[in-house]
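Okay, so here's just one chain, in structure tokens, the form predicted on its own.
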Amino acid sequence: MTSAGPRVRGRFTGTLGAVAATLGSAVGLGNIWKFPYMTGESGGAAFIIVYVIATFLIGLPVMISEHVIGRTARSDAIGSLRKLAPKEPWWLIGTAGVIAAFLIIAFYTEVIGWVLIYIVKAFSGQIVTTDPSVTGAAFGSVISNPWLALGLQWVVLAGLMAIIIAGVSRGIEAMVKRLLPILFVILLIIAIRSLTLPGASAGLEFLFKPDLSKLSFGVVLAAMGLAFFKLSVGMGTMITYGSYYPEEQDIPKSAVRVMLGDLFVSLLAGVAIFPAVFAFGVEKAAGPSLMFITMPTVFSSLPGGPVVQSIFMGLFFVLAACAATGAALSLFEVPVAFLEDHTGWSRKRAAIVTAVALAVAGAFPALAESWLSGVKIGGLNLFDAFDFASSNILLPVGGLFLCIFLGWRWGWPQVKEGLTNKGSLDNQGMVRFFYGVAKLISPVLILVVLLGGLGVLGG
């Protein structure tokens, strides 16, 4: 497909807007859903230590790489690599990212749909119960209803499409700037309430007192893999967002701020969840169902009666919806930017076509527990297959070859120029350190993640 003529490209309004939008992409359901349950399954504080190290050695270098590639080329994930390495196959990295983003948003929108219906269920008192078999049945009734599953996904896609059509600054940036303060306030309220519960100290100890005996190769692999999922790297989002960054943006400093903000939200989510989980004796390693089966029983155990329990449960799912929206917008934007850059379509047309394509593709994971429950790929249902293909394969492949491209093809002079803003920033020491990590250390660790995801390495 040939590139259309030049067009006016969207930009974030400034440094703060760029950081807010990027943080909104990084802070998703992974913070509220995946980080807590993986922490629970992997031994608490020991897992968190490995995760932080992995973020510095993998997630952060790949994020910075994507940002500088996107801002330098001012194009989508595929177009950026075509511009920087014309007539070479490096654009396939961007292709893997676009496919990964598409697969993730295809099943992620279904999860957001579950969150939306649970907001209604929570505030109306429908799931105020301490019996996990009741909450499990309630969740089962949602995912096994084909028309409800599809309808929820279509509602989410329509909402995301409307925001994307509004533009980069007036749509994505403006929405994330509204959602992040709401997210922080609600998370803080729930964390404070959780800390006042009897027995809450056990939850804090689990989170912050490392037990190194819990460490295993499998735990290390899980932490390294989560570093990809959590920072939205390897899926084209950060190249796309980097292409909207202002020229004066200090990319390394911004990336560190995003990483620290994302880590803070994850830890605060852990503080909000685990003291309550321990206080009421709920199984902490509840898997992905933690959010929809375990958490309602936790909030139903709060003192104060059904009204108070419904309010806090509802706030939790509003929090999850806020977190999910920023990440979903960045994923949706990846194929939209590709269509804009390579077809000459208007933003509105690109967004509508993307939404329709996602409605078709997303029907497969949405119906994985109903009409398509008998369809398996490698023993996985369609929902899990979409997740596995993107998170375990495409993300590490994209991250691996991005680091190879940055360190061994693009090279130090171009990286230094891009990350020091042509020498105007006094950050060359930081840039040199980052470049060394991205060139020599990150690829080796990412390869381990990839092999682990493929089952070649095990814990």
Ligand code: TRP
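A residue's number is simply how far along the shown sequence it sits, counting from 1. Quantities reported herein were computed from a predicted structural model and do not represent experimental measurements.
Below: the form predicted in complex with this ligand, not depicted.
**Student:** Using a 4.5 Å heavy atom cut-off, are Ala191, Arg193 and Ile273 all in contact with this ligand in the model of the complex?
**Tutor:** Contact check failed for every one of Ala191, Arg193 and Ile273.
**Student:** Can you work out whether Ala327 and this ligand are in contact in the model of the complex, taking contact to mean some heavy atom pair no more than 4.5 Å apart?
**Tutor:** Flag for Ala327 set to yes.
**Student:** Find out whether any non-hydrogen atom of Thr237 is located within 4.5 angstroms of this ligand in the model of the complex, and reply yes or no.
**Tutor:** Thr237: contacts this ligand in the model of the complex.
**Student:** Although the partner isn't part of this model, could you tell me whether Phe229 comes within 4.5 Å of this ligand in the model of the complex, counting any heavy atom of the residue?
**Tutor:** Flag for Phe229 set to yes.
**Student:** Wondering, does Ala26 line up within 4.5 Å of this ligand in the model of the complex on heavy atoms?
**Tutor:** Within the cut-off, so yes.
**Student:** Looking at 29-37, 52-60, 416-424, 400-408, which lies within 4.5 angstroms of this ligand in the model of the complex, counting heavy atoms?
**Tutor:** Every other range fails; the passing one is 29-37.
**Student:** Would you mind picking the one in Ile104, Ala269, Ala122, Ile93 that has a heavy atom within 4.5 Å of this ligand in the model of the complex?
**Tutor:** Selected residue: Ile104.
**Student:** Only one of Phe386, Tyr108, Phe316, Tyr245 comes within 4.5 Å of this ligand in the model of the complex by heavy atoms, so just point that one out.
**Tutor:** Checking each option against this ligand in the model of the complex, the one that comes within 4.5 Å is Tyr108.
**Student:** Taking this ligand in the model of the complex, which residues along 379-411 bring a heavy atom to within 4.5 Å of it?
**Tutor:** Only a single residue, Leu395, comes within 4.5 Å of the partner.
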